[in-house]
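Read the single chain below, which is given as structure tokens and is the form predicted alone.
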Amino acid sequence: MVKKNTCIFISGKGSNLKNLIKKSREYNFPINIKLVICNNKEAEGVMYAKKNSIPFLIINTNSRSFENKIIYNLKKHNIYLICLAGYMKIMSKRFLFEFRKKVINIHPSLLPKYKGLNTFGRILKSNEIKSGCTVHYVNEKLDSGKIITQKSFFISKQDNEYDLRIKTQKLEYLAYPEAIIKIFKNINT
């Protein structure tokens, strides 16, 4: 199997990055993580790149040329797929045009419900009985791209935001790899 070069974008703890690195080491998993891009120099997730000898780039998104630097590095590493994993920055139209249909994201709700931030608080406030996560293609509208896969769980009356975060993350670790496999199955059929 020829694995496709992939870049993971993060902003924080990097737990999905850690999971994807582990999955990418499996013989039949279709990606090879060649680059990690982070927009937060304090992000804990960068240590997973360091530990696994994966090149990483800390980007200052306040710089005018930050996007050019990202695009240059993606091309330098022959990146085929971009996985946003807790990356807290909106992608520009130009960027999305450059990498159309090759940017995916994971969101901690059952989209189209609860796009954007403060997801868990809004879910609880609305007395939802079910929640989960969604992996989707990224387009120009926030959390609105075509859905690749979703996983869900029932919310108990005792659940708080922390509980929802933990339950959602467990599903994310299943959903993201499943979505990546699904993408490459569709390409190869």
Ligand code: GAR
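The shown structure was predicted, so the numbers you read here are calculated from the model rather than taken from an experiment. Start at 1 and count along the sequence shown; that's the residue number.
The form predicted in complex with this ligand is left out here; the points below concern that form.
Although the partner is absent from this view, residue 12 contacts this ligand in the predicted bound form, with a non-hydrogen atom inside 4.5 angstroms. This ligand in the predicted bound form is approached by residue 88, whose closest heavy atom lies within 4.5 angstroms of it. In the predicted bound form, this ligand sits within 4.5 Å of a heavy atom of residue 106. Shown here without this ligand, the chain has 169, 172 in 159 to 173 lying with a heavy atom within 4.5 Å of that partner in the predicted bound form.
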